[in-house]
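In structure tokens, one chain follows: the form predicted alone.
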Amino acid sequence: MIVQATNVSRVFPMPAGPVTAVHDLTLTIAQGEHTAIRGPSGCGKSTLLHMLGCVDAPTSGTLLFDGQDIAALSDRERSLLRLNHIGFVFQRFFLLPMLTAAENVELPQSEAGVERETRRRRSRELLDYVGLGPRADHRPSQLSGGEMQRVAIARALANRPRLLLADEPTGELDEATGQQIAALLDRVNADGTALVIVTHDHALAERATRVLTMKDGRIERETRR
């Protein structure tokens, strides 16, 4: 089991009073699993994703990553855990505009202390994997939305994460391009990486083997196929 969340809640203090974004939720993510999380805006999907990715800690309850209690880790230890074991893909890509595609993919490897020639080779391999080998030396401004998302996926895979988290990965893309990205994410999962996707896209969610529907900070329904 990669992630075990037991009775986790996340409460945000607000001027008008505390807001509970995730309420007493229990969930596990297994190696190689493909999970989609759906629900209306404001139901707690992204907050849950941030906790699963160890970006945010629960206000109460227990969250374990590979058996480690996240609450017991220092900020630096959590940063290293994210860097080495978790990949993130976002709706708006968040590529650094002054870097080429290859350099964007190299960046997390550099932060992890990977030797220069090794990270260059890994970056080229990943860009070939996502179908962008010929665009390695292009900057984000020279790429389409779909190409930028492919670079973002390659970057997320740079340090060989066990868990890939994607927040609305097709939200900025047209339908045809979104389907191409969905197929690429399916391939990543088939190659052994656990995948959790937050999405409003029904078609994208239906590609998952498990779909969680959230409402008011809780998992209202779970379906498997």
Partner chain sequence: MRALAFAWRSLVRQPARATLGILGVAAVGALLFDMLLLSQGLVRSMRDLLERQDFDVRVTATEALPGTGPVIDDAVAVVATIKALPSVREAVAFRIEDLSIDRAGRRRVRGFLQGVGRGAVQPWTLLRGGNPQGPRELVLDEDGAREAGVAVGSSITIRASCSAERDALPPVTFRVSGIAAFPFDGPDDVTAATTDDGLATACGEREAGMADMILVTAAGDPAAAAADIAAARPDLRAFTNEQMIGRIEQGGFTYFRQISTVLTTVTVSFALLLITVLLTVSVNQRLGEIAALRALGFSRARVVADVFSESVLIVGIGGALSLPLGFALAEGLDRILKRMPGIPEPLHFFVFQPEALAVHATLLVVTAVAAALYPMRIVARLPIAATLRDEVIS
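All values reported here derive from a predicted model rather than from experimental measurement. Positions refer to the first chain, counted from 1.
What follows is about the form predicted in complex with the partner chain, which we do not show.
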Q.
Only one of 83, 136, 73, 143 gets a heavy atom within 4.5 Å of the partner chain in the model of the complex. Which one?
A. 83
(Q) With a cut-off of 4.5 Å between heavy atoms, is residue 56 one of the residues that contacts the partner chain in the model of the complex? (A) yes
Q. Heavy atoms within 4.5 Å of the partner chain in the model of the complex: does residue 118 have any?
A. no
**Q.** Contact test in the model of the complex: residue 199 vs the partner chain, heavy atoms, 4.5 Å
**A.** no
(Q) Check residue 35 for me: does it contact the partner chain in the model of the complex (non-hydrogen atoms, 4.5 angstroms)? (A) no
Q) Taking 129, 180 and 203 as a possible spot, do all three reach the partner chain in the model of the complex with a heavy atom inside 4.5 Å? A) no
(Q) The chain here is shown without the partner chain. Which stretch in 181 to 189, 58 to 66, 24 to 32, 42 to 50 comes within 4.5 angstroms of it in the model of the complex, by heavy atom distance? (A) 42 to 50
Q.
For the stretch 74 to 95, I need every residue with any heavy atom inside 4.5 Å of the partner chain in the model of the complex, listed N to C.
A. 75, 76, 79, 82, 83, 88, 90, 91, 92, 94, 95
